[in-house]
Ligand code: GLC
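The chain below stands alone and is given as structure tokens, in the form predicted on its own.
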Amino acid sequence: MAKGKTKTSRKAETAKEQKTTGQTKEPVQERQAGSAAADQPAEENRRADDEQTKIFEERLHRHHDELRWLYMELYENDSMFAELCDQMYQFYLERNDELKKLDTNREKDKDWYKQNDMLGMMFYIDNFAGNMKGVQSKLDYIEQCNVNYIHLMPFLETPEGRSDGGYAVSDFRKVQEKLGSMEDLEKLTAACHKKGINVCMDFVMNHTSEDHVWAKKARQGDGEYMSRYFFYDNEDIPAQYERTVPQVFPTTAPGNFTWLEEIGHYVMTTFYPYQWDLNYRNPRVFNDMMYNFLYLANRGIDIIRIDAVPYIWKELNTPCRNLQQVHTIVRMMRMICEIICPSVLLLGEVVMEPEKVVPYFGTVEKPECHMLYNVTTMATTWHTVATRNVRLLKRQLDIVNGLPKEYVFLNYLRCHDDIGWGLDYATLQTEGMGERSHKQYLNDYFQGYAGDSTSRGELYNADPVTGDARFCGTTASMCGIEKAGFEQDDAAMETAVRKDLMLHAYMFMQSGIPVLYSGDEIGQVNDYTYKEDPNKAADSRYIHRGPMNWELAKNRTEPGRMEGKMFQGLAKLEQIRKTEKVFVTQADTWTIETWDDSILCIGRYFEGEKVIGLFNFSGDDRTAWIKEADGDYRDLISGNKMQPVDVQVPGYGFFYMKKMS
């Protein structure tokens, strides 16, 4: 760090000497005036450099002792820690002025992402607009969607046909050529920042592609690079791991190790054989991955999604999930962010029940992730759609609402991934629902085979032995829009659109930040053309990863078209959420008993304002037997005065009732 200041001062002094001696033929008075003028920018630059260095040193001072303590706890390596600090300073110096201004502003307003105007959208760059330049050209559309946070699905270099949807990274500092370049990414993030749009990307830190340069050198027998992964020359230790480590994909990628015949070694591959798990017990792995992390943050990324975070530390005789060392690593990442790029948020991908993911938030004094996904509530929502029974969902929301308000969840109906039926089966069994039979019912229902379903979709990773499977489909297709459109049934289409909008209205009432999946805003349905692509045909998740249909998007302004009803209906909900302060993350949120198992009621309260949401998960008109007799209310959707007492709710209908002052 001292070297940086010395170089800056030396450059300023050299420039001063050159500017002075280069004007020896001028009169002394003029020469002195010119010299003073020439010295001024150099002096200003020196002061600016000193000020920037001071900011870095103050941030480092706040975190240094804890960061060093945690690092040494894992690695006991002073020289590697010193290298990390030196490199952190270099990445800080490389961070551009606009990003540093953003850092300063967000340091002053640490709750900036908890406001009621936050709305996300996730999409694959090529599906949405071809490439990064295309996304930049669509920023006006994104603004029309009231979105100010876009999640760019994996865009780093991956091998064709062995990418796992982009999660097998072969180069952490290169964009896929078809999508653009790092320069294009920087231009896109800068353009987004001018419009107040935040950019999120995936950081896949559990593993690399087998085509990554480290993996290539390891495959050649280079011991330094083999130590960055988990290599074993016989099956003894892999067999010990297999006794305690669950399989992620038992059908399509069984086991946790892959045999490499050409070098006579096993390598750990928790997900797919072409994704090699990184060994974070090696400090070189941690340091180099943090340098990749900071390099990407300096390209203008605001939110970094840590992929598969529970898996990143491996230990024999454990499940290799959620180990304490994982929390040590995430805590160090949080501190590194706060030193170099404090405007950047960490989003953890942790697929567990909300009460079990809480440790990944850390504590108020020692925070880890800023945000986590609300995965279980998403799955429980679709269970509620299939059963028309809100009891389990109400219980789930009560758990989330009981957590500290500092914890921020991302809520969504659909995403790029499948739906795994990780429900609370202990509770369901008390109601006579067995786990295997209920999973079978849910998969049959959403394929359109049971329960008067109008849903359409396909199974993913179906296991005929266990009967387990996951489900794939877009929100619109699961709500019946695909079926109604195919059958040209106008009445069924009205019902499907109403169901779709009701689900979004309910999602907006949850505690946290709502995220749309691109295409949901116009009711885009399943895309079956993936079956024609040999690189995608075996992966049914591509059914809901179809390209954005921009021709249909043109209908978003036509109220008589399905796309117009969806787009304008969502726009109204989004505007209500942006203008009503009860939708901030910190608001008190609770459920209210309706005495009808098909109707969910959610209350929100903040700074003297109160809103009650009612959501009918059945297609029949029902009565919510509530009695909130504390004054007059107005429905924010229709503008009509209402009393929240014994409310009649139409099939798949909903209300946002605000207490009038």
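Residue numbers here begin at 1 and follow the sequence given. These numbers come from a predicted model, not from an experiment.
Heads up, the form predicted together with alpha-D-glucopyranose isn't pictured, but that's what we're talking about next.
- Of the heavy atoms in Phe249, some are within 4.5 Å of alpha-D-glucopyranose in the model of the complex.
- Not displayed here, alpha-D-glucopyranose is approached by Arg541 to within 4.5 Å at the level of heavy atoms in the model of the complex.
- The shortest heavy atom separation between Ala308 and alpha-D-glucopyranose in the model of the complex is within 4.5 Å.
- The closest heavy atom approach of Lys581 to alpha-D-glucopyranose in the model of the complex falls outside 4.5 Å.
- Heavy atoms within 4.5 Å of alpha-D-glucopyranose in the model of the complex belong, among the stretches 541-549, 328-336, 235-243, 390-398, to residues of 541-549.
- With the partner removed from view, the residue among Glu574, Asp417, Asp288, Asp444 that has a non-hydrogen atom within 4.5 Å of alpha-D-glucopyranose in the model of the complex turns out to be Asp417.
- Among Phe91, Tyr167, Trp421, Tyr75, the residue placing a heavy atom within 4.5 Å of alpha-D-glucopyranose in the model of the complex is Tyr167.
- For the three residues Phe271, Gln275 and Glu349, a heavy atom within 4.5 Å of alpha-D-glucopyranose turns up in the model of the complex in every case.
- Looking at 196-230, the residues that come within 4.5 Å of alpha-D-glucopyranose in the model of the complex, counting any heavy atom, are Val204, His207.
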